[in-house]
Structure formats: structure tokens, C-alpha cells
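Just one chain follows, in the form predicted alone, and it is written as C-alpha cells.
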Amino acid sequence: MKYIFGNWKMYLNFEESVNLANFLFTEKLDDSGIELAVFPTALVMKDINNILKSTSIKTGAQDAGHPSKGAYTGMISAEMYKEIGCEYALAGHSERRHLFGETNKDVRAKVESYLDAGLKPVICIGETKKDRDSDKTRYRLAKQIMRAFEGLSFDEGQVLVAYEPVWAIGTGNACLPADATDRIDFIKSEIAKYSQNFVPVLYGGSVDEDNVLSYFSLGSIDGALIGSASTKISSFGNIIKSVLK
């Protein structure tokens, strides 16, 4: 199984999100042999789920609060996303970590709440440019994995990881496929210290229609988490079609 996940971030308004979902609906990808999921904003999530409910395309939350209910102004819980049809939720995306100050402890709390709600967490990990320049990439990845997985109880197929080097996200400076493979092999070996379950690991960071096949052609990489290139009908459509060939 290969995964194509499109993180729409805050790029699209309501109408643009619906138009893109309608495009995916008309593509008839039910028997594609890949797991395709999109991560729209909370504003349009229910409408996207209604559009895609008769297809095999899944949806996921870009982020969810870990309390299940209560006086938490501005939060949307994992249970609420599950109730309207979501399958996945991102945890620890670098923009959440570095722009909003989320810690490894916060990420772990979210992962547990997602599993409790019946959502599949996509745990995002990655090193900064400072980490890379200081030769601390493996240290940073190992620490993030330990905090997310140590003592975590889950069944096979319930958890995924996305390796997204922070220095590559939105910069157009994608990680070389060979380097991404090296990091993902390391990530899988670290996860194996905490669980015997197979955990798919996706690559994300400036993935586009020109380079996506260079990642999918490598056996260690189980898919791609795509940002801005997933928000345009032309580029996202080309990415999907190229992987399906």
C-alpha cells in the first residue's frame, strides 16, 4: 500500500476546497491501489466528507485538541472529527511545533486522544536546518519517536509517521530521495524499538509533480504527505496520475 496525503493547510477558502473535492470525486479513484486522503480546514470538513463519502478517498484533520469535551475555546476534539467522518489526523506537524509551540508532550497527548477517538494519527517528525548543520538529525528524530511511541498501545494499521525535514517544507528545497530513504530507514529502525507493528512512513517536504515519483520508486518510502502542490487541481491531479501509472 502506498499513501498520497494532501495537507491543504490554510491555502484554500470554502469554495476552493469544495471545487478541489469535486474534482477528486469525478476522478473515480476507488480502485486505484493507493490510499488517498486530504486534510482540509475544519471550516469545510463536513462538506468535503459529504462529497467524498461514496469514494475510497479519506479525510483527516490538520490538528485536533486532545481534551474530548469541555471549556476549551477554539478547540475541535478528535471525537468531533471522527463523528463527521474523518479517518486520520495530523499530530506534531512542524508548523504546529515551531509556530504554535507544541512540544513532544503535546504531540503524545494528541496521539493518544486520536487513538481513543478512533482516528489514525499521522505523527509528523523532522529535523531543523540547525539540527542538520549540527549533525543532530538522528538525535532529533530518535527523541521525537521515543516521546511519541514509548509505551504507546496500538494495533497494526492504526498509526502512520510522516518524515518532514523542517528545512524542506515550503522552501522548494526537497530532501534528496537517497537522503530521505536513509532517514526513513533510520526512523523505522527506531520505531521497531517500541513496537513490533508495521508503521508506514511517508515523506513530506516540497513534494511536487516533478519529484514525487523519485520518492515513490524507493521501497523504504511508503508514500508522500504533500502540502501546497496538493491544493491545485492541475498539480495534485498530475501527482495522483503519475503514481497510478
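Bear in mind that the values here come from a model prediction, so they are computed numbers and not experimental data. Residue numbers here begin at 1 and follow the sequence given.
Only in words, not in the display: the form predicted in complex with a small molecule, which the text now covers.
- Contact with the small molecule in the predicted complex, defined as any heavy atom within 4.5 Å, is confined among 92-100, 77-85, 149-157, 108-116 to 92-100.
- S206 belongs to the set of residues with a heavy atom inside 4.5 Å of the small molecule in the predicted complex.
- Contact annotation for E164: at least one heavy atom lies within 4.5 Å of the small molecule in the predicted complex.
- Of the heavy atoms in S228, some are within 4.5 Å of the small molecule in the predicted complex.
- Contact between A168 and the small molecule in the predicted complex is found at the 4.5 Å heavy atom cutoff.
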